[in-house]
Every structure is written in C-alpha cells, then in structure tokens.
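Coming up are structure 1 and structure 2: the same protein chain in two forms, each one given alone as structure tokens.
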Structure 1
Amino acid sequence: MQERGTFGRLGFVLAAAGSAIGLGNIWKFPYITYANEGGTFVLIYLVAIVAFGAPIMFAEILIGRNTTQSPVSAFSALSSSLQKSKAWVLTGWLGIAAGFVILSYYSVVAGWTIYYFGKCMTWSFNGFGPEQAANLGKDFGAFLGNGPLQILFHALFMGATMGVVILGVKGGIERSTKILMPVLFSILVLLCGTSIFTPGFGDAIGFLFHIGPLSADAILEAVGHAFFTLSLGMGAMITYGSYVSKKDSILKASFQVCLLDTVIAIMACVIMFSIIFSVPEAERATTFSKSATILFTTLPRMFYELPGGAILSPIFYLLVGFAALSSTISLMEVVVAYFIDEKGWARKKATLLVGGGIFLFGIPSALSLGASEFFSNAKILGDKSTGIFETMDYLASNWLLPVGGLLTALFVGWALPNAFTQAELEEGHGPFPYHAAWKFLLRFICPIGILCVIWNVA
C-alpha cells in the first residue's frame, strides 16, 4: 500500500473549504436566494447548515479519520471491525461514482471560465462596446457548438486538476489550496468592496437581509443546497478526513469549513445582487437565469457597464475559475485515493489513468450542448433530462449525492456504537456534551430532510 499523506490543521480546513466552494457558491446560491426573495431564505439556509450539513460533515470526516482510508475501504473496514453488514460498502462506491460522474461534466463548465477569462482580457484591452454586448448570447452559443473548443477547454481544466492531484496531499492539494483560497477570498473582498459603489448596492443589502414569506418548496431548496454545497454524499469529506491527524478536532475543523463556505456564499450574493439591482427593474426578470450560462451571456455586459469593469470582469472569471479548481481537485482525489488504497497504485499512475478516464467519459457531455446532435438530444432517462450533460447532472444531483448522504447518516447514526463515535469526536477536541443531539439529528432529522429533498426534485 502506498504511504498516505497528512494534512496540517490549516491545510485540511482550506482544502475542505475549497472542495465545498465552487460554482454552487458563486452562482447557484445567489440565484436560488434571488428566486426565493432573499432574507428569509438565507435564514432558513443557515438553520439547514446547522441541522443537516454540519452533522453529516462530522460523520463523513469521522469515518475518514478513524480508518485513514478512502470511501470504499473505509466503509469496508468499519463494517468488518464492528461486525456490520458488508452491504454498507455500497455507500463508499456511491461516493466514487459521484466523484467520477460529477467531475466528468463539471470540468466542462469549469473550462468555460478559462475561455472567458481570455475573452475578458481581450475586451478589456480592445474595448467592449454595444456590438460585443449585443452578441454575447450568440457568441456563447457558437462556443458551445464548437466541439473541438469544448473538448480543448475540458482537457485544459482536467490537466490543471491532474497536475495538482499528482503532486500529492501535502505538495499538491494542501499547497495549492493554501494559495487558491487566500487569493479567492481576496478577490471576493475586492469585488465586494467595489460593489459598495454600484447603484444597486443599497437595494441588494436590503433584499439580502429582509424578512418575508417563504414557501415549502423554498424550505426544501434551502435544505438541499445546504447539503450539496458542503460536498457531502460524494466521498470528498471522507477522503479528506482520512488525511486528518488524530491531534486535530473534527468538530472545530467542520465548523470552520461550514463558516467559510457560508461567508463566501453571502459575499457572492452581495456582488451578484449589487450588479443585478444596478440594471432597470424591467430588465431584471430576464437577467437572472436559472442556467449557469448567465455567467457568460449576461454578466460580462453588466461588468463593463460599471466603473472599473475592464478590470473587474477578468478578475471575476479568475475567481470563478479558482473556485471551480478547488472543487475539481477534491472530486478527482476521491477516485484516485481508491486506486491508491485498494489497488496499491502509485499516485502518479492512479492520477493519470483516472484523470484520462474521466476526461474521456466527459467528452459526450462536452459535445451535448450543441456540438453533437446525437449527444445533445439523447433522452437516456426519458423526460427527466435531455442531452448527456443534463443527464449526468440529474443523476448526480438527484440520486448519487442525496442517497450517499442518506446512507452515511444512517450508518453513523445507527450502525456505529455511541461509545465509538463519541470517542472519535472527542479525540483531538475534548469533551463533546452534544453527542446525543448530534446522533438524534443523524438518525431522524437528516434522513427525513434528505428524503423530502429527493421526493421534491426527483
């Protein structure tokens, strides 16, 4: 078996936060907050982080740290040592499958950030006028329909991800996140600072923190996003937890990751809403789309209408790219760690073969956004999705992640003895008087919440 690395205390927090922080924070959370009328939704989301997200994060890191193994090996080891059903190992396999599938299409979107960073640099130097603004949607459609370009930028982002993972836990993942996360946070602070001077800043803050009515669907959406935004159910926190020292507190580290993830999501809202509320009200209805394409078809025009937009626009795409990279690193590490732990492969071999396999598996997704009629119109799941990209996203978001999280909550809540879990949580932390409450959340509240989310979106 290959020798495993270990995160330093700060290294784990930054790596885990990097895994959690991605397009879900920069784009999806602002969108769903806007769609659900702001302040009350944010409050429900914060409650959901405490009641659903944090408890499952404790559970996943506990599994990883106790076994020092990747998801499949971890569930297998615990099931054997505690004489539990070997069927629990399927939970680990779900995490491997989720990491593989999500990275295959996530890197396609992540590749767009490289392309648009270059586009913004060109616009900033050569000028961005009415003609460029009018053609944003058309240009983006042409980009999606260009198969070679889609594959190229998919390959570039996969290459960057592999380059970090191949260097290992300390030299690659921890070192890169110690650079990426401070830079990402600095860019967010800069963009938040400039947001103060936009015409829509006051309205944005008022909208973000006002209290109003909220529907049942909005509550379920808050619960679902609290779960998904923390990279739960995909084996990432189990894998990263396996690199955590016994001297470090699982509870403190989890709290810090949840806090960082939430703060960055709120900062992204301030930035996005300040831009959105700076445009005329009649235009807002068509401005904030549920599709991630808003980042490439609408925001460039808005940035260039603001003072300093020629500087802010490329900086924004650098931010989105960094956020995406910190997530793709964790997704690949989940799969790579399996081959290192279970098959005894060297990290370089595992990374190259896994990365190559995921890249090839992602090509149909890259071609399913207009480049290939066959892949774009495929209805593998009937009316549930159209195209390979949408099908992969539907499978991962609605089934692999929530089912993986549900099984993890049940395993730690019911299968692992109380004395075992309490001792593991207290190691490196000290007394934890809320163990019974945490177990109650895992046994009852988290499963009920996840089942409701699955029922609502499936």
Structure 2
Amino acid sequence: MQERGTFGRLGFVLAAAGSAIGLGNIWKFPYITYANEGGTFVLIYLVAIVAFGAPIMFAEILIGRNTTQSPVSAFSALSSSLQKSKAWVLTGWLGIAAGFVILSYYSVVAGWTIYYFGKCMTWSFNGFGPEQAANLGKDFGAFLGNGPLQILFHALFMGATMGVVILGVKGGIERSTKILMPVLFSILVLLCGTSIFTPGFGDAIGFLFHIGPLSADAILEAVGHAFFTLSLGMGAMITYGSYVSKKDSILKASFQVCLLDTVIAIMACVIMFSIIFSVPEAERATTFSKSATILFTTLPRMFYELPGGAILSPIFYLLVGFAALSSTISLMEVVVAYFIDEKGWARKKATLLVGGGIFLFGIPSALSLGASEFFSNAKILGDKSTGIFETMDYLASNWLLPVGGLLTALFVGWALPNAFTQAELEEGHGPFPYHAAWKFLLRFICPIGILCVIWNVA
C-alpha cells in the first residue's frame, strides 16, 4: 500500500472546511433559495444541518479516522472486524458513484469562475458601465450556449484538480486551503458589510427569514442540500477523516466545519439578495432568472459600484474558483483513494485515469445549458429535471447523498457498538457526555427523517 499522509490539526479543519465550503455555498445555495422563495426553505435547511448534518459528520470522520481507509475499504474493514454484514460496503460504493457524478458537473460550474475572472479583468481595464450591467444576463446565456468554451473551462478545472490531487494530502490539499480560505472569508465579510448600504438589504433579510408554504420537493431539496454543502453522504469526510490524527477532536472539528459552512452560505445569500432586491420589482424577473446563473449576473453590479471594486471583482471570482477547487479535490480524492487503497495503484496513475474519466463523463453536462439542443432538453427522469446538467445534480444531491447519509447513520447507529463509538469520539477530545443522545439521533431521528422526506417525493 502507498504511504498515507496525515493532516495537522488546523490543516484538517481547513481542508474539511475547504471541502464543505465551495460552489454549494456561494453558487448553489443562493439560487435554490431564490427559486424556493427563501424563508421556510432556509429554515428547513438549518434544521437539516443540525439534526442530520452534524451527527452524520461525526459518524463519517469517526469511520475514517478509526480505519484510516477510504470509504469502500473502511466499510469492509469495520464490518468484517465486527462480524457485521458485508453488504455495508455498498455504502462505500454509492459514495464513489456520487463523487464521480457530482464532480462531472461541478467542474463545469467551477470552470465558469475562471471565465468570469477573465471577464472581470477585462471590465476592470475597459470599464463597466450601465450597458455592461444591463447585458450581464444575456452575456452569460451566450457563454453557456458556447459548447467549445464550456468544454475548455471544464477541462481546465479538471486539470487543476488533478494537479493538486497528484501532489497528495500534505503538499497539495492542506497547503492550498490554509491560505485561500481566510482570504475568501475576508472578501465575503467586506461584501456583506457593503450590502447593508444597498436599498435592497432590508427586503433581502425579510426574504431570507420569512415563513411561507413549501412543497415536499422543496423539503427534499433543502435536506439534500444540507448533505451536499457539508460534503456528506458520499465518503468525502470518511476519506479526509482517514488522514486525521488520533490527537485531534472529531467533535470540535466537525462543529467548526458546520458553523463556518453555514455562516458562509447565509452571507452569500445576503450579498446576492441585497443586489437582487435593489432592482425594481417589475424588472427583477427579466434581470435575474431563478436559475443557476445568479452568482454571475448579480455580483458584478455591486463590485463596480464599490470603491476598489475593479480590483476586488476579479479577486473574488478567483477565490470562488479556489473554494471550488478545495471541494473538487475532495470529490476526486474519494475516487482516487479507492484505487490507491483497494487496487494498490500509484497515486499518479489513479489520478490521471479517474480525472480523465470524469472529464469525459462531464461533457454532456457542459453542453446541456444551451450548447446542445439534445442534451439541454433531455428529460431522463420525466418532469423532475430538464437537461443532463440538472439531472446529474438532481440525482446526486437529492438521492445519492441522502441515501448515502441514511446508510452511514444506520451503520454507525446500529452496527457499531456503543463502547466502540464512544471510545473513538473521546479519543483526542476527552469525555463526551452526549454520546447516547448522538446515537439516538443516528439510530432514529436521521433515518426516520430522511426516509420521510424521500417517501414524500418518491
């Protein structure tokens, strides 16, 4: 077997936060919140983070650290040493499938951040006036419809991810997140501070925190997003957990990751909705479609009104790209670690083959936002989603991740003995008096909750 690395204490929190914080927070959460009318959707999402997210994150990191294995090997090692059914290994497989699917379309969106970095550079040099502001939506649509550009930026992003994953845990992943995350956070704080002075700020806050009706589909989406945003239900946290030292507290690290992730998602919403609600209601619908585009059609307006915005805007998209990179790294690492741990492949070979395969699999998604009529209109799942991109996201976030999370909760809740889980959580932490309550959540609340949600939409 290849030598495995370990994370330093801060390195782990930042790498795990790096995995969690990404396009899910800054691109996806604002647009699905906008599409689902805010308030109640946000509330369900917050409940899902506390009731399902945090307990399952403890569970995943525990599995990884205890076995020092990636998901498939971890589930098979634990189930054979504790004489449990071999079938649990399916959970690991499901995770690898989810990683593969998510990375294939995630990398397409991540590529957009590089393109927008370039676009902002042009605006910063050539000027950004009312005409550019009015054309933001149209320009973005044209970019989405340009097939070769979509594939090019998808390829660039997959290449960057492979470059870091080849360097391995310590050299690549830990080092890059340690620098980038704090800078991204500072820019978000600055933008949030600025948004207070926009005319739409009050309405944005009202929209985020009002209570209204919500469909069963929207509830599934909120729960699915809680898994997506915390990188849960697919073994990413098991894989990262396998690099955590026994001296570190799983509980503390998980809590910090959940908190940071949630704060950043809410901040991204405040910033974007303040801009959206600053536009008169009559124009809003035509200016901002309730779709995957809002990150790219809202923010340039704010930036170029800010002093220093010409410098901040390219930096911002670059950093969102880096946040996406620390997530794509973790997605790829799950699949790559499988081939290293189970098949004994060298890291380089595993990365090149896995990366190449995911790139090819992502091409239909890249072409399904306008470039190809066929891929853009494909309705593989009937009315649930239109186009390959949306279908992949729907499948992964609303099904693969919640089901993966459900199986993990059942495994750690029922199959792992109490003495075992308690000892593992207390290692590096000290006494954990809430162990029984946590087990109760994993045994009953998470499975029943996730099943109810799935039942309602199936």
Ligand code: PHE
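Rigid core: the largest C-alpha set superposing within 1.5 Å between the two forms. Numbering runs along the sequence of structure 1, starting at 1. Note that the structure is predicted; figures quoted are calculated from it, not measured.
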Inset, instruction - Tell me which of the two, 1 or 2, is the form predicted in complex with the ligand. - result: 2
Legend entry - CA of residue 413, rigid core aligned, shift of 2 Å or more between the two structures: no
Inset, instruction - Superpose the two forms on their rigid core, then report whether the C-alpha of residue 40 is displaced by 2 angstroms or more between the two structures. - result: yes
Legend entry - C-alpha of residue 84 moved at least 2 Å between the two structures on rigid core: no
Legend entry - For residue 213, CA displacement between the two structures after the core is overlaid, in Å: 9.9
